[in-house]
Structures are given as C-alpha cells and as structure tokens.
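The same protein chain appears twice below, in two forms, each given on its own as structure tokens and labelled structure 1 and structure 2.
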Structure 1
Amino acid sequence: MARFKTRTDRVLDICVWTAPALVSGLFLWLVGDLAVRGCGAFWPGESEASGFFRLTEPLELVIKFLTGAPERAGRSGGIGPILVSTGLILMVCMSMAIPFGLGTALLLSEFVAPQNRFGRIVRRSLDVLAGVPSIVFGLFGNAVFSQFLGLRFSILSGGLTLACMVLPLLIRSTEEALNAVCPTQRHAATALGFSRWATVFQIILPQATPGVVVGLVLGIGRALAETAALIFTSGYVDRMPRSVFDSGRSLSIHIYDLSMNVAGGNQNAYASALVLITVLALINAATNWLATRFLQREAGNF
C-alpha cells in the first residue's frame, strides 16, 4: 500500500510540475518568436555608410518606429499615431470602467445580501455579458454610441464600447476580492465604532487591493488586445488624432490590418505585436508595484 501511495504521489508531482512548465514554455515560445521576428525591424546589421555595425542604430530605429507615422499603408514608417490612439482609447475605457466597476462591486459585496433577488439578477447578467463575443459588443457600440448618440467612428465611441466589455470582468473579480476579506475584519471595525463607509475604505479595500489589481490588469489586457469591437467603433484611420472625437486606429487593429490586408506588412506587424506585449508587461509591473507600495504604506499606518 505504501508503494502504491508513493507511485501515486510521484505521478501527481509530475502532473503538478508539468502543467505550469507547459504554460511557461508556451509563453516563452510566444514571446521569443515575437522578439526574434519583431527585432528584425530594428536590427540593421552592418552599417552601409561606415562598413561596421553601430550600436546606436537599433536604438535610433526603435525611437523612429515608436514616434514616426505609418507609411505605405504601414509597410514602413512607425506607429506614433497608433500608440496615441491606443492610449486615448484605453484612457476613456478605464476612466469609465473603474468607477462604475468598483462602485457596483462594493454595492454587491457590502450592501446587497447574497440571496437578494436584485443581486442575483445582476450577477447572472454580468456572467452572461462576460461570455458575449466581442463582435457583438462592437455591433452594440456602433448602434448605440456611433449612431444613436452621434459619436460616429471615434476614439470616444471605441473607449465606451471597451468599457462595456471590461465591466463584467472588473466587477466580478473586484467583488470576489472584497468577499475574500475575512468577516472578522468587518466585525472588529463595527465593534470599534467605525461607520460602514469608514470600514469599507479603511479596512476592506486595502485588504482587497491585490484582487482588485488582478481584475484591473485583466481588464487592461483585454482592452488593449481587443480588435473586433474597435473595428466598428473607433475605425481604421492611422493619422494622429486631435481629440477623442476623432477616429483612431488601435495597436491591435494595426497588427490585424498589416498581417491580413497589407502585402509585405508582416515585419511591421511582428514589431507592433512586440510593442503591444511590452506595453502589457510594463503596465502589469507598474500596477503591481503601485499596489505593493500602497499595501506597505497602509501597513505602516497601523
């Protein structure tokens, strides 16, 4: 019996270690492929002018690519206007999704009983919305924001559509993070005479910050990687936007267009995809760093 248990434990250990190894290997394979193919746009090899390799050339090409405008339908040039449009779309999306998402999660977690009929309907609706295909959100955004509200193809229309997509994910993850806070924390705050809002903002939210950050990062990742919904709302225009009421092309749409519709655009498509992955990694690192600093500051106040 002991031998059987030992073999079972070994098999389980192999399974437990194999699963994360496969996930990590897939991630490294994806990032490595993008890095090799994408860096080809920034690595000129030998300098024609001097006959030897200059270390400054790749850096100059990276800066030119990040700040320049697309040329020849994106086959050459840079992605400066694309990055600006992507940043504006993300800003509109998060400025709407964060307050509404956090407020709804607080309502469901702290002010609505788990068996309340209204709460159950809202949670079921959020679960359904989280599974709706992005193309449906695109058609909805085009009908409501672009046509009914008269925003047409614009960054504002695209950002509002992405906010509708991100909200279910953000609300449910934030609610779960709030529910994960130990009930004794709430009871202790009540015993000390804390008001309900003081308990929420001084006790519960700081404890739930890691879970809220996870939902925020997932929401940002989905917003940055979205393509189908933005095709019908923000448009294809690759010029520099003057305001959120102008049409703008996001980075994901730019990658899709170069790889599917532009002959000879694969090189810049890989380079743009590498930039997108890098931006996601930087946002993830910055968000986690801010959350860690916030928790350290809150711990120092006690």
Structure 2
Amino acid sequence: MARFKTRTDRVLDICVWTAPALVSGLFLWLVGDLAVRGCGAFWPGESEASGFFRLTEPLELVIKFLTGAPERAGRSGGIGPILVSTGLILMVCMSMAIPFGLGTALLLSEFVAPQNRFGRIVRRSLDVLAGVPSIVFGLFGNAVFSQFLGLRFSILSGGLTLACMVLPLLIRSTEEALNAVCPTQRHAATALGFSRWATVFQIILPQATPGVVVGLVLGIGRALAETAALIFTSGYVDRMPRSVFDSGRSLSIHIYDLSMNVAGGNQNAYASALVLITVLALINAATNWLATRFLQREAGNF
C-alpha cells in the first residue's frame, strides 16, 4: 500500500494528523497556562511555618480566597461576595427557567402532535431564540428588566436575563429526555385509562428525571460561563449583596474586570478563572456520570 502513495496523499495524511495536533497543542497550552498561573496564586511566599504546616498552607490560602472579600479593587483579597452573587444569579435564573422550560418541553412532547400549528410556532421561535447573541440578551435585559420594570442593575435582572438565554437549551434537552421514555409506557397508561395528569406525573416524569437533571446541569454550566449578558444587567458591584435587588458581580465579570480594568489584577483573575473552570469541569463530569449511569449514552450527544 504505502509504496503507491503519491505526493498529494502524503500531504493529505500530514494535514489530517497536524490539524488535531495543533488544536490539542493550543488546548493544552491554554489549560496548562490556566492551571499553572491559577495555582501560582495560591502558592505561599515566605513563611515561618515548616514541615507539615507548610503543606497545609496552600489549602488555607484557597479557603481564604474563596471566602474573603476583594480588596484594592480585587488585586488582593478573595472572591467570597462574588461567589455569593454568582450563586444568587444562578438561583434566580434557574427558578425562572425551570418552570417555563419543563412546562414547554412537556407540552411539546406530550400534549401536542408534531404537526400541531401552536407547537411548531413555539419550536421555531425557540430555535431563533437559541441563535440570539448573548450581548443582544444583555441589551434586552437592560431595556426590559433594568429599565422598563425598574429593577436597575440587580441580581434579579441579571438572573432573569440569563433565564431567557438558557431556556432554549433547557427545553431542547428536557424534550429529549421525555422523548427517550419508551412510547409503550404511554400506550399502556392510556389503555389502563390513566388521566393525562397521572401519566405525566407518575409515569413519564419519574422516568425522565435523570435526563431532565442532565439538561438542568448543562443549563447551569451555560449560565455560569456567561459574561456579556450580565455586564449591564447584574452590574459590577463587588460588595456582598444584601438581597436580589442589589447589584452583584458574577465570577465571569470579575475575571473580565480584573484583567481589563485593573492594572495588576492578573494574578487574581487567573485564580478566579481557575475556580470557574474547576466548577465547570465538575459540572461536566457530573453530567457525564449521570448520563452514562442513567441514560446509557454520552452527554456530548445533545
């Protein structure tokens, strides 16, 4: 075989092996850089502790970083209030997105036929929504929640904006989870004279729960990674929020602000980025585990 290789063949072969090598190289460079500089922020400098206590010191620094308040515009200190704000934004986002997402997905998969006009319109409009750039969601959130509804820059308006953004993703994955429930179960339920209510709440939803949870976790990951939609909805304030009506800075905005607007903020930006990536990696691992454990397929197939 090899003897008949022409020059074109050889060039093609080289290309096919170089492209993945290049991509993997860049990926490893990015992740490696993040890990090294991120961990560097937690490496203790000079200290009097020795032996065993020297080893626990990075751990102490990590805890201090995760719970402390940012000082000097974030150059030093921790990210405690920012984690709280991020958590609150996610909570607002999910508590709005879950009812609408679950309800819409249930309607589309259980209550209307595929050719139903209403169902088709909703599906189509969700497809369009899924393609809207995140910065446009930011504009929308600013106009509607911050100004029209008078919520100003607040965790509430940020969370609501994110809810609109993750809704299409949530609906699509929930719908897939519902469709994965074996149709014979529905037929059996109908044959036994179950009401729709009973079919949905006692047959379909319990079986679809793992798939629905995978979708939720994916949605949380997407919301956590988002920055552009939050800059002018949830705002920049890095103090501890007292309620959801306060402005609060999300972790991703913190990274942006430190690296762009604060000279000498890079080290803490890297530390925050490491925290963000670690959380996202955990989420990814959790979805994969859930998906392979309960759904017998890989989460990546969504």
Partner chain sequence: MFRSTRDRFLSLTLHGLAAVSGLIVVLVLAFVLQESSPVLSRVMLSRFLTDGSWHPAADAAEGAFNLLPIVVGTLLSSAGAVVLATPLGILSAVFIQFYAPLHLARWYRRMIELLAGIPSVVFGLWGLVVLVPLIARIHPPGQSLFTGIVILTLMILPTVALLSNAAMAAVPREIVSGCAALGLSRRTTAFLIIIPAAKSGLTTAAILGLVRAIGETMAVVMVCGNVVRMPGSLFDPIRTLTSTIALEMSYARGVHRSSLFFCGLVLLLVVTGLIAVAEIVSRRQLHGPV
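Every value quoted in this text rests on a predicted model; they were computed, and no experiment measured them. By rigid core we mean the largest C-alpha set that fits within 1.5 Å across both forms. Numbering for residues begins at 1 and runs along the sequence of structure 1.
Quick check on the two chains I just loaded: which one is the form predicted in complex with the partner chain, 1 or 2? Of the two, structure 2 is the form predicted in complex with the partner chain.
Core-aligned, does L34 move its Cα 2 Å or more between structures 1 and 2? L34: C-alpha displaced by 2 Å or more between structures 1 and 2.
Displacement in Å of the C-alpha of A285 between structures 1 and 2, rigid core kept as reference: Once the two forms are fitted on their core, the shift reads 5.8 Å.
With the two forms matched on the core, what distance in Å separates the two CA positions of D13 between structures 1 and 2? Here D13 registers a C-alpha shift of 15.5 Å.
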